[in-house]
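Next comes just one chain, in structure tokens: the form predicted alone.
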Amino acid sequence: MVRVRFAPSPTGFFHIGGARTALFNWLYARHVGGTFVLRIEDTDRERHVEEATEVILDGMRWLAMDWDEGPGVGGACGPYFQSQRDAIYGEYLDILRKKDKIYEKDGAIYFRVSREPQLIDDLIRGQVYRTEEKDFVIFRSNGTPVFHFVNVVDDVAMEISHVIRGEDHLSNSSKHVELFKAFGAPVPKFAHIPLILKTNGSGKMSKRDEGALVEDYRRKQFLPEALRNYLCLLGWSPKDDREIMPIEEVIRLFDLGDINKNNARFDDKKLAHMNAAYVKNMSMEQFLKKGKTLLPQVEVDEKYIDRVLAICQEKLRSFAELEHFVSYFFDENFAYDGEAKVHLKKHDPAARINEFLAAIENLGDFSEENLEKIVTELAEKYGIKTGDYIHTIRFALSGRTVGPSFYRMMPVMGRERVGKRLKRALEELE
């Protein structure tokens, strides 16, 4: 039975590298029908941050990575907080004491290493031999256990079959193999996944780097499905150049042997592009539901809100843009962009607005097709580009020169609102 674990330390926020490690463990467990265990390594009291545990749990839930055993779920191998497992660590320390594998020095307890080469049979790296030359501390002089000890004890006690973790832990593996053997426990299969490098490739991505925390993307209103999809591709690929994939398909294809040995470079632009694709591919029902939660309370007809949101989906890259993207639809006193106003002077904006106003005065059907036809005819009549009208009229209606489809926004606003805004723009330009 495959049993894997994600064992974060609550010493800060939920780092993107930790999320990727959790994801690869979760994917493999789901791929083979195994068990995904979540345990919290909170033995380091000095670095422990209470709120950080909940941040990690919330981040896992947000990314829809459910765990089979762990906090809030329970399981036969609990408790799942290391701070609650002191009695278990005492039992395993006695095992080493009886085997004469430990000794005390300056108040600390040291593990006696064999100084023999240890084979790390890695499912990604292949066979790696490492030799631990020095005895190492497993209990500090203050009586608290060290990471290497509790990590291995928990893996033994929780019957972890596969240890999937970052490549930076490969250097610890010889210590851990020594401990597994000292306990008389089977050595799990290791899979050390590639590191995540900064966007410029200059080194490992740290929590201080821009975009390195899962919370950053929650704050920016990224879709969790998009971030999860992108994390899947940091070190793994389906080998057919596909990128945007439903998670069910990733689970079907994912295997440890397909993980790349080379470090993965984080690409924030690619992630943003992927998020935009996920936004565009949302069902209209999902898009409207999500969008409405992010808009301020406005006293307008709900059907109008639905129509406004519907024309924004194709242009929106992130829901963080939404309120700014649509605010002028609900505010008749919106501000005009000063820089755009100066730039549009070359198009003789007052003339363009008056020409357009006259053309729509007797327009029967205020539809996209008819409005586009009017702009085309005006451009031909006056020998100018259609863009001169589009940029000018958009500015008059919104105060900006970018936004949703120009021909779709006017029918949504309606004839009366469009007329009032065009006249207001004329006053502003004068």
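This is a predicted model, so every value here is computed, not measured. Note that residue numbering follows the sequence shown and begins at 1.
FYI, the form predicted together with glutamic acid isn't displayed, but the following is about it.
Contact between Glu69 and glutamic acid in the model of the complex is not found at the 4.5 Å heavy atom cutoff. Within this chain, Val4 is remote from the site of glutamic acid in the model of the complex, having no heavy atom within 4.5 Å.
Contact annotation for Asn151: at least one heavy atom lies within 4.5 Å of glutamic acid in the model of the complex. Under a 4.5 angstroms non-hydrogen atom cutoff, glutamic acid in the model of the complex lacks Asp388 among its neighbouring residues. Phe147 is the sole member of Phe334, Phe147, Tyr304, Tyr103 with a non-hydrogen atom lying within 4.5 angstroms of glutamic acid in the model of the complex. This chain is displayed alone, yet in the model of the complex one of Arg97, Arg317, His343, His169 has a heavy atom within 4.5 Å of glutamic acid; that residue is His169. Stretch-level contact analysis of 126-134, 210-218, 104-112, 161-169 against glutamic acid in the model of the complex, using heavy atoms and a 4.5 Å limit, identifies 161-169. Applying a 4.5 Å heavy atom cutoff to glutamic acid in the model of the complex picks out Ala7, Pro8, Ser9 from 7-39, in order along the sequence.
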